[in-house]
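Quick setup: one chain, the form predicted on its own, written in structure tokens, and binding and motion questions come after.
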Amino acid sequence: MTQAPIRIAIAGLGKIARDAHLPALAASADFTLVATASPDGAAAADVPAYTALGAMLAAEPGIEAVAVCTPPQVRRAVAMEAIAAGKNVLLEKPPAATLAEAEALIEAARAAGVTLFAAWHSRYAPAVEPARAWLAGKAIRRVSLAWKEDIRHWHPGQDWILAPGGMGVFDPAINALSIATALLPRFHVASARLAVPEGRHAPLAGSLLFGGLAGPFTAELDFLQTGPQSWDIAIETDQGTITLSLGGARLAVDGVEQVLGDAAEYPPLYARFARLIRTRASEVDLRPLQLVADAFMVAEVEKTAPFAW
């Protein structure tokens, strides 16, 4: 029997909502977008737009789910309001600004009996599941991660990323950690060096060393990369080396490119959200956020030249 589409709204109609969420919802048979709420009054075509979540929920009682795409600093408050109204909630990454905020959301969703989904979109990149299957039964010898992109290109003028709670270079790098935690045995932050520009609160670059695996695991992060961008994870095993590149869009085994499916991450992510709602389940993995929090806890911090857009 065909199930009726789930009526969903978006809270926070910024760049990621427009670039990824709106196209995925437009193509989805599981959802129908019925409204948006954004404090700047931004609107999506053909659905009512509100400037406050409360006003939207009051005016649109048929909403069943809310995708929270706000900056992380306000994500907890927005999600709590949606949960209190009995709505199922999808959280863009990271699920909250802090681990305690995320735990509070988990408890609130459990008490309200609604679905809460921490949407680590990079785990839905086409290379991730084939990589997980290939790694099964192999011993990890070395891991190297390079996540280097241009903040001015991907996040133009978005000062919240460099403000407290914005995470700086970890805003993109947490995607890498979401992939690594899906593929590797449990690991932890052993040491970190972070470069924070004068007058800003979050790092623009970093070097990390992880422990817990049989061999070394290093990460190099850069938010000022110009020219070619790097979103690569190389995993050396006792039976060869696997490389995920372009954020998991491409996969090579011992240098041989593998044939993968559609590179779009958000359609399967929304399909997963629909299954969770219909089975009354939640899925909130906090390991990537925990690694970022730990990196801030142990890091040596270097102050660098001021950053301007």
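Bear in mind that the values here come from a model prediction, so they are computed numbers and not experimental data. So that there is no doubt, residue numbering starts at 1 and follows the sequence shown.
Unshown form predicted in complex with a small molecule; subsequent notes refer to it.
When contacts are defined as a non-hydrogen atom within 4.5 Å, none of 141, 189 and 292 contacts the small molecule in the predicted complex.
In short, of 232 to 240, 213 to 221, 190 to 198, 89 to 97 it is 89 to 97 that has heavy atoms within 4.5 Å of the small molecule in the predicted complex. A heavy atom within 4.5 Å of the small molecule in the predicted complex is found for exactly one of 209, 146, 74, 163: 74. Comment: the small molecule is not present in this chain, but in the predicted complex one of 66, 35, 69, 244 has a heavy atom within 4.5 Å of it, namely 69. None of the heavy atoms of residue 123 is located within 4.5 Å of the small molecule in the predicted complex. Proximity of residue 16 to the small molecule in the predicted complex: non-hydrogen atoms within 4.5 Å are present. Using a 4.5 angstroms limit between non-hydrogen atoms, residue 39 touches the small molecule in the predicted complex. The closest heavy atom approach of residue 31 to the small molecule in the predicted complex falls outside 4.5 Å.
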